[in-house]
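Only one chain is included here, represented as structure tokens and corresponding to the form predicted alone.
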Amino acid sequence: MKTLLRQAWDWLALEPHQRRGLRALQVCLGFMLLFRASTEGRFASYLWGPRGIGEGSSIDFLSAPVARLADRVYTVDVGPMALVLLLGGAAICLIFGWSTRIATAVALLSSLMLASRLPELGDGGDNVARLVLTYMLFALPAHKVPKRGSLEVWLHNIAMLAIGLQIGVLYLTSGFLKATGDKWSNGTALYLVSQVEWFSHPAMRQLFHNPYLTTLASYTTLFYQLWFPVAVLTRLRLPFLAFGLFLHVGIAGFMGLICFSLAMMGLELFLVTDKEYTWLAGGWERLRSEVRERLRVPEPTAVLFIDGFCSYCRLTGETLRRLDWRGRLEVVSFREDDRFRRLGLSAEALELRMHLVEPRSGRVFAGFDAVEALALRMLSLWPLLPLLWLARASGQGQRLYDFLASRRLIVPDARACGEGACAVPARAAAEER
């Protein structure tokens, strides 16, 4: 018993847990709140304003004197809009991990005030989001490295434990309520929901006319929720969480419950442990490497000659290397590689324009033609093709390229010049003359 208590204390007090799961939860809740702010903000005055349909008060969660002061926000049209802007700003901070503790407090307060003014507008996702935001007030900020064994580590882990228990209670309660209802126990619940126009996509109505599909989907959902609190404590955690993500993506798509689905997906991603996130990230990286290796051609099929003395050119070349996921392009500086001479190119021409060479076919593209050829050969650059074709049709493509190329900054690198001083580039010499 003492050993068990000691392990529990060490888990709570020594190291912060669920840092990656917490970030996933913050991102999902941020997108949920941002969705609400962006879709409902235009109707702020109608929903919560002095002449709006909302008539509630903040007295449900604030003392009477403070509530009377807070309710003054609803007496002017700009007040509800300010609350919505605060909610949207806090949501963006949660998504990007900026001042997450302050953003959590602002998001919680603004969402509570809006919900108290018009409680009929929310759904189950809003309720659980506010509960989780309350726990997150005690969580460590996203990028903070805490002192081992400090009080804030202890509070963080207590908050993480509270969120986990809340998820278990949520699923267990929902499962038992469904199990005690006639519609779920006889397998017709999803059919009835699919026929309600407010909560269903037209395709869903026709899909659930199939009695076998309806019965299977209803019992699967019921089984999933009842067994969820037990399954997440076993090796079945990841498969159960993956199924939950799939389930709530379907709810968002077929029923339109975007906020509810985002909140639940965040809670499911929260339950993935830090070790499992590391393992999943490693597996994804190995898969990417294997796919890229299988798709990679034996040798580059094109060589792009750039000016290594130009920092902008080097940055462009490095970006093209990253975008060339098939490894078909070799980017070299003509200052350091003299293969261009064997291909019949001159250093003077390469100083003026970059050149793309296909050694097998012997084709050479220079300047704007090289940019267009790269866009045609690299899938990641296809979105630029309409702009490039427009520049070609207007006759301004090569002019624009030469205009930009003539104004690039050339800084010679003494290491690439061999012994002695670097020669003056041909372009600079010509301008000097």
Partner chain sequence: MLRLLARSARGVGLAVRVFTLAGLVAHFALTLLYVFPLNPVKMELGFLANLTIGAYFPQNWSLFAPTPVQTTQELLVRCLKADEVPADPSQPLPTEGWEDVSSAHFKQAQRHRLSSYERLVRPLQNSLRTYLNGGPDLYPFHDACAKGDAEACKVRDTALKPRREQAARMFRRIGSAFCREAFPNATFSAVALRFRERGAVPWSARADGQPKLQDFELGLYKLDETVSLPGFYEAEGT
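If you're wondering where the values come from, they're calculated on a predicted model, not measured in any experiment. Numbering follows the first chain given and starts at 1.
Unshown form predicted together with its partner chain; subsequent notes refer to it.
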Heavy atom contact within 4.5 Å of its partner chain in the model of the complex, the stretch among 275-283, 357-365, 113-121, 340-348: 113-121
V73, T75 and A105 each touching its partner chain in the model of the complex (heavy atom, 4.5 Å): no
Listed residue that, although its partner chain is not shown, lies within 4.5 Å of it in the model of the complex (heavy atoms), from F260, F334, F309, F240: F260
In the model of the complex, the residue from L323, L172, L245, L233 that sits within 4.5 Å of its partner chain by heavy atoms: L172
Touches its partner chain in the model of the complex: G52 (any heavy atom, 4.5 Å): yes
Non-hydrogen atom contact L287 with its partner chain in the model of the complex at 4.5 angstroms: no
Its partner chain contact at K144 in the model of the complex, heavy atom, 4.5 Å: no
Touches its partner chain in the model of the complex: L216 (any heavy atom, 4.5 Å): no
Sequence-ordered list of residues in 150-177 near its partner chain in the model of the complex, where near means a heavy atom within 4.5 Å: S150, L151, W154, L155, I158, L161, A162, L165, Q166, V169, L170, L172, T173, S174, F176, L177
